[in-house]
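Given as C-alpha cells, the chain that follows is alone and in the form predicted alone.
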C-alpha cells in the first residue's frame, strides 16, 4: 500500500475470504504499523467462522499494544454489509476450507450537476456535500432542493471477487454485468490438479465470465510455475476476449464499467 501511494490510515474494514495463511497473515504487520501512526478508530475484520480466534492469535504475535480495537465479524452465506454508497455481500465458494467470494456493488446514485449549483450561486464546500446526499439546504435566504442540482439516477459498477475456488454457478450468476476477478491458478494441462486442490484454470475462469455475462475478467492467484502468466492469458482470451492478467500495482478505472449490461 505504501509503494502504491495508498494511505493505510484510510482502512476501516478488512475482509478475509478464508483462513489460509497467504490470505490473512499480512494483518499483524499492517495493524502494528497503523498503530504506530497513532490510529484510534477501530478496524472491523470480516471473515469466515474462526475469524475471532484468528484475530486473537494475531493480537498475540509480537510485543506490541494496539492503540485501537480490532473487531472481528463472522460472515456466513447470508452476510450483507449495507453502507451509504455501496453494498458488499458474501458468496460461499468451493475451496477445501470455509471460503467466501465477495460481491461489491456501488449503489445507484445521481450525478451532481456542478454547473447548476454554480448558476444558483452556491459556493463549493459543505453545501455541495449536503445536496449530493439529498439534503435540502438554505442559502442566502432561499431554499435549494437536491432535485435542482442532481441529474438522473445511474447504475454504479459491480465487482465480483471469487477468492480461491472451483468454478461455480453462483459466481457466474453474480457476474452478470460485473467485473470479475477470478482464481486462475493453473492452465488446462493441470486441470486435474486444479480439481484436487480446489482451484480453477484460466480457461474455467473465462467460461464463468463468458457464460455469466461479465463485462471484464481479471485473472489472479497465478501459480508461480508460470513466470509471467502469458500462457494463461492466451488460454483465457480464446474463450473470453475481455480478459486481463492482474498484476501488482495495476490501476483500473471502474467508471468505464458503470451501468448497463455487457
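Positions refer to the first chain, counted from 1. Worth saying up front: this structure is predicted, and the values here are computed from it rather than measured.
We do not show the form predicted in complex with a further copy of the same chain, though everything after this point is about it.
K.L.:
Exactly one of 11, 245, 239, 19 has a non-hydrogen atom within 4.5 Å of a further copy of the same chain in the predicted bound form; which residue is it?
P.N.:
In short, 19.
K.L.:
Could you spot which one of 69, 49, 196, 234 gets a heavy atom to within 4.5 Å of a further copy of the same chain in the predicted bound form?
P.N.:
Comparing distances to a further copy of the same chain in the predicted bound form, the residue within 4.5 Å is 49.
K.L.:
Going by a heavy atom distance of 4.5 Å, is residue 44 a contact of a further copy of the same chain in the predicted bound form?
P.N.:
Because no heavy atom of residue 44 falls inside 4.5 Å of a further copy of the same chain in the predicted bound form, the answer is no.
K.L.:
With the partner left out here, check for me: in the predicted bound form, does some heavy atom of residue 228 sit within 4.5 Å of a further copy of the same chain?
P.N.:
Output for residue 228 is no: heavy atoms all beyond 4.5 Å of a further copy of the same chain.
K.L.:
Applying a 4.5 Å heavy atom distance criterion, does residue 24 contact a further copy of the same chain in the predicted bound form?
P.N.:
Heavy-atom contact with a further copy of the same chain at 4.5 Å: present for residue 24.
K.L.:
Determine whether any heavy atom of residue 213 comes within 4.5 Å of a heavy atom of a further copy of the same chain in the predicted bound form, and answer yes or no.
P.N.:
No, residue 213 sits far enough from a further copy of the same chain in the predicted bound form that none of its heavy atoms falls within 4.5 Å.
K.L.:
When a further copy of the same chain is placed as it is in the predicted bound form, which of 96 to 104, 109 to 117, 136 to 144, 159 to 167 ends up with heavy atoms within 4.5 Å of it?
P.N.:
Looking at the partner contacts, the answer comes out as 96 to 104.
K.L.:
Would you mind checking 31 to 63 for residues with a heavy atom within 4.5 Å of a further copy of the same chain in the predicted bound form?
P.N.:
The stretch touches the partner through 32, 36, 49, 53, 54, 57, 58, 60, 61, 62, 63.
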